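Two versions of one and the same chain are coming, encoded as structure tokens; call them structure 1 and structure 2.
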Structure 1
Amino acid sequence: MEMEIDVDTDSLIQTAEILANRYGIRYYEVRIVEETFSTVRSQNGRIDELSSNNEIGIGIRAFNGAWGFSSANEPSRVEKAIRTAMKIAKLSKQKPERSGIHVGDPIVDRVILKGRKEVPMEEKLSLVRHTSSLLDVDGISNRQVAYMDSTVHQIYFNSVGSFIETSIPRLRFFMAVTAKEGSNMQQSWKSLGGTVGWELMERTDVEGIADEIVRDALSLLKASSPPAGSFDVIMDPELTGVFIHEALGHAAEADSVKTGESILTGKLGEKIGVDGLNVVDDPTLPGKFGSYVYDDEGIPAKRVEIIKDGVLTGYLNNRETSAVLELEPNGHGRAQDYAHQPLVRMGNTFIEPGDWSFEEMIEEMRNGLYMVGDKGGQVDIANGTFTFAAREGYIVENGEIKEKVRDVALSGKILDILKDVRALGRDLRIEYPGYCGKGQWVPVDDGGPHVLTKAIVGGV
């Protein structure tokens, strides 16, 4: 074994077993996590952060009708944490009507993924320095470059005998510029990454991306804000990614379906989108930023068809929601780290491609907006209202792409907008790594083809 977490797992299993018997705990699970990471950041050519560290911690969850959780990052606290989680679970009053979890058969497995190439810190530093120098252009008042890599090595075991060891590498590279002309300032950036190693940087055209974001930021200084109101909009694959993440992904997370809060509660089997619309969350895609092999509840990650031909066919679930909603477990219980309890989360979420070419879509729309890039979004899953933002765009008039417009947020209603989709492009890109926040941050990816739909544009 090349990597080994310096923890006596046999004795931990024994301790957990003894305490579970003592407290009468029906089910428990333990995660021991070692995270190793390095970060290099620079701003205006100066390195302002260089770090390289590793850390081990433990998280314990016990179920007894309700969950008890505890975590610790000091060896002397480990036994106390196990005891605490079980004591908490023991406090819970039995609520038989909603107290199920999927337990399943024990899984014993070991999956060690590695980047194909690793390099010393010096090389990461010189990449950041070189990239920063590429962005040093007249009219650019600020340039930021950040490189981050990590390896999360996790041992999972539970009370039914699962013992799963996984190790997942992750890399992210980010560059951003701010262009300035008087008091007018605009930004552009690019982020890339995956569950990969340095080989990603070797096949990345850093020079090309640097040129592109500098050009973008400078040209945005001359762009005006897009118009305000309801418009036909073509989204590029990156904007499609954040769109589907907000418009559907969150509302399809089964924790909010279990509580009844999601607007998609009780809608399995209902038509909520147009014919031909397929939406998938697939954590098993190789190398993507939101990929994983087992979730943080020791369930194998599965591809989920959320929408098939316009019909809602699946929710993303975990041990608890799959039992309560009587669904096949699909391994979407993810935690930020050892100190957090898993929640139902997305992995890589995307719209499947259709058969339209980009030119046909522009022609079909005739008049509207072509919006590009992802600036984040947010959703109110109870009301079904969501917002998603584009980095820039173009006005389309009479089937022709015209002047460039600035960044803007768009909004729509979940149950309307998927029925307003008029065309799905035949291209597919899922290469827009980011972190999704839901009280905890987890790495995700999303994407899709170019998509033509209708949305409210928050312009001027």
Structure 2
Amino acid sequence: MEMEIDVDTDSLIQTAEILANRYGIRYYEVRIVEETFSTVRSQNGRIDELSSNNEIGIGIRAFNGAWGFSSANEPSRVEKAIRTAMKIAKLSKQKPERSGIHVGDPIVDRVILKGRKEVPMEEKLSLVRHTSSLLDVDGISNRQVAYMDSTVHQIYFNSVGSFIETSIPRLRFFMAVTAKEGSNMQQSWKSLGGTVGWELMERTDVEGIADEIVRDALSLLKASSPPAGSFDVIMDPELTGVFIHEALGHAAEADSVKTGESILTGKLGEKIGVDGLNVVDDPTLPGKFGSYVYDDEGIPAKRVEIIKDGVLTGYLNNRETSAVLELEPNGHGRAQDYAHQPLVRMGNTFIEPGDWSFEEMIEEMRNGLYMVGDKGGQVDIANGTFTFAAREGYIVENGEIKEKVRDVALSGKILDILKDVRALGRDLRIEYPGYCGKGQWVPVDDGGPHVLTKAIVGGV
């Protein structure tokens, strides 16, 4: 269902212009956001959440050497919020040499993306209950299922004459299990989603996925502990995705670069990876969970080549960081909702594929570990170190996959990993949707091919 934001935008534009002139504000922007969303969550067959809601609010930013920001979710408070943002900007004024923003030319556009099919809440509830029943298997001590969909309808305008209307649907479906044997507990899960509607669920083999994660969790109970030391490792596409998102993607966000808190500060044009290594963030990919048409600063979303043939060629930036670093803006200013200011954020981050088959990579590695899935980790983008836990691993001996290992982690230095890459698979997958936290939560996706490199391996 297409939403209609019941706001007099002409009146808002006039009010903002009058107040900007009164307070001497050089630049301002307004986002009117309406979000319709529904959620169904189940734990061990019990419905924990069943909700459907609609929320509308307005966020206002004003720039006068520094940002002023305010928001409102009631029509009677909108004019006050505009005035507050502009007063804060006026009081916070900095010297011109210490700040700046890219203003650019006005953009007028309307883009309405729609999921092809909508269904009543009863059908969503039935899906969650059915999926939970599929996970109810001997040896499984805990099972979770969550379904979430939303449509975000936004009207954006600014002081240079931009007026952009967008509507973006999203759907995410998640299932997870915990297998238990005595004090030994092992987990497995699967998440899928995109800028789509119910049609995603119609083409998804829910039964097959449920069977797969149950089998994985139960088999991990019998797996061995991993070896420790420096090994050749092959990361599967999911682990590749979380590595490149967390370890490199955040380091390439230009707000961290601007403050000198990233290992990539001052390294544009430098060789930081092997020949043939290409890392991209592309919010324009059709249907992906982290995709969008315009960012929350009214800049068109753009594909950014962060690394090209091993060379650092780009940062992700917004209006402010592009001005300070003297770069072209590339549409990576994103906000959680109307009540938050846009920050520099990723969209869909991935390593581009190479030309190796998986079998060739195993043969090339000969001895090492094949690491599958993601169980979280830690990254320090300032000193360039990381630790990631894989959901499972496999010992590789003499070019053959042998026993399964559990509770396995890899760690090392980000730039060392990029320089130690020996092979890139041709099996690109970008299908690991989630929400990235950076003081705010925004939808993202990541992935890549299988990657052969070297890392420190140990248990968790």
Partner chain sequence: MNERNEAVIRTAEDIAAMIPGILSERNVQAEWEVYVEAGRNGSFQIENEELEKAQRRFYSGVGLRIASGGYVGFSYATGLKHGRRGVEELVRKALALAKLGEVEFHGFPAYSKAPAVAGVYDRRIDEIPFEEAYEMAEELAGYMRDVKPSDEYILSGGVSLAVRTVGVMNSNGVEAVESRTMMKVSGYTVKKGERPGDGYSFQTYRHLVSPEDMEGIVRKSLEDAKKNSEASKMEGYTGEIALHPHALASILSVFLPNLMGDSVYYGRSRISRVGEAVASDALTIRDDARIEGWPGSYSFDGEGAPGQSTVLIERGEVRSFLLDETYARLLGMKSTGNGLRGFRSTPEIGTSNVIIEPGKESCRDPDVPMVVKVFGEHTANPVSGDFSLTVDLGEFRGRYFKDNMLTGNVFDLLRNISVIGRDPERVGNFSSPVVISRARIV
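Each residue is numbered by where it sits in the sequence of structure 1, with counting from 1. On a predicted model such as this, the values are computed, not experimentally measured, just so you know. Rigid core: the largest C-alpha set superposing within 1.5 Å between the two forms.
S.K.: Only one of these is the form predicted together with its partner chain, so let me know which.
M.R.: Number 1 is right.
S.K.: Cα of Ala389 displaced 2 Å or more between the two structures, core superposed?
M.R.: After core superposition, the C-alpha of Ala389 moves 2 Å or more between the two structures.
S.K.: By the 2 angstroms cut-off, has the C-alpha of Ala409 moved between the two structures once the rigid core is superposed?
M.R.: Yes.
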